[in-house]
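Only one chain comes next, encoded as structure tokens, the form predicted alone.
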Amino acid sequence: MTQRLGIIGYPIGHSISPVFQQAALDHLGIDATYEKWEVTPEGVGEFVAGLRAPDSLGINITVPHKQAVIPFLDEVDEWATAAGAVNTIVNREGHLSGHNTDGPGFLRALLVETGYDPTGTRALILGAGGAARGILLALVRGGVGSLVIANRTLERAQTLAQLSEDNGVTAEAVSLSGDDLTQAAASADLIVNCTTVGMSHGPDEHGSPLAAAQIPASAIVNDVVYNPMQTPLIREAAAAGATALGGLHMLVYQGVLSFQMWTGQDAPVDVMLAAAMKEMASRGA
């Protein structure tokens, strides 16, 4: 029996997850298909119920359904509970469990691709939305020394800073502009962009949250935006002499962790990355 996997979202046409997940399944000879399904907010409950079928291994979830799926699951693990979002559902004989691989995938990508270890480091997070929350928790659990959260709406940055403080890590909230941001960037070991600034077809696709002059050459800059692969921030980081990593690696590594949960096998990371990069190149990203 061919097993089913896939990803839901609304809209979902932009997703490249089917490309690299199917490449991994085919490489390992696993009899399964990975598709993408556009599911309306009203249809989430019915769709999740259908995942209990014997031929379903599970799914990934992207916006806007990462919170909406939770009430329809039998179990949500501790990490997803803390993040307040589920991006992976696993079906085991009709029992549906929810997980979040975004934070762990983010850290795995940084470690493998740049050698970054958060222990005792200073990190600057740009943005305070759902992606920022998951990344903050990953850094806190990884032993980061201190955090600064910069956001246009200071109140949202303060909420994330409090979450960090509640978990024992000193944090400061600043505006996403001005001297406070410049000072925070100057002393950061890691800078992570969790905003949509620089994203293709976004409201500020040609913008960068930081200029090269604000980025230390010693810093690692990770932009979670993966379209385009070379965002304006990545170009600014390169001009500053900093180590730069685009969002495609985080996307693939969170998918790697999902793949391992569904199949119980080690994911062929190189195959998945190559497929993702080839797809993005074909889209002119």
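All figures in this text were calculated on a predicted structure; none of them were measured in a lab. All residue numbers are counted from 1 along the displayed sequence.
Omitted here: the form predicted together with a small molecule. The next part is about that form.
Peer 1: Arg108 versus the small molecule, in the predicted bound form: is there a non-hydrogen atom within 4.5 Å?
Peer 2: Looking in the predicted bound form, residue contacts with the small molecule do not include Arg108, since no heavy atom lies within 4.5 Å.
Peer 1: So, Gly98 and the small molecule: in the predicted bound form, are they within 4.5 Å at any heavy atom pair?
Peer 2: Although the small molecule is absent here, Gly98 would stay clear of it in the predicted bound form, with no heavy atoms inside 4.5 Å.
Peer 1: Consider Arg92 of the chain shown here, and say whether it contacts the small molecule in the predicted bound form, taking contact as heavy atoms within 4.5 Å.
Peer 2: Answer no; every heavy atom of Arg92 is more than 4.5 Å from the small molecule in the predicted bound form.
Peer 1: Does at least one non-hydrogen atom of Arg156 fall within 4.5 angstroms of the small molecule in the predicted bound form?
Peer 2: Looking in the predicted bound form, residue contacts with the small molecule include Arg156, since a heavy atom lies within 4.5 Å.
Peer 1: Identify whether the small molecule in the predicted bound form is within 4.5 Å of every residue in the set Leu147, Val192 and Ile220, based on non-hydrogen atoms.
Peer 2: Not a single residue of the candidate spot has a heavy atom within 4.5 Å of the small molecule in the predicted bound form.
Peer 1: Which among 184-192, 163-171, 131-139, 73-81 is in contact with the small molecule in the predicted bound form, heavy atoms within 4.5 angstroms?
Peer 2: Heavy atoms within 4.5 Å of the small molecule in the predicted bound form occur in 131-139.
Peer 1: Consider the chain as shown here, without its partner, and state which of Leu210, Leu124, Ala85, Met199 has a heavy atom within 4.5 Å of the small molecule in the predicted bound form.
Peer 2: It is Met199.
Peer 1: Would you mind picking the one in Leu57, Leu251, Val48, Ile61 that has a heavy atom within 4.5 Å of the small molecule in the predicted bound form?
Peer 2: Exactly one residue meets the criterion: Leu251.
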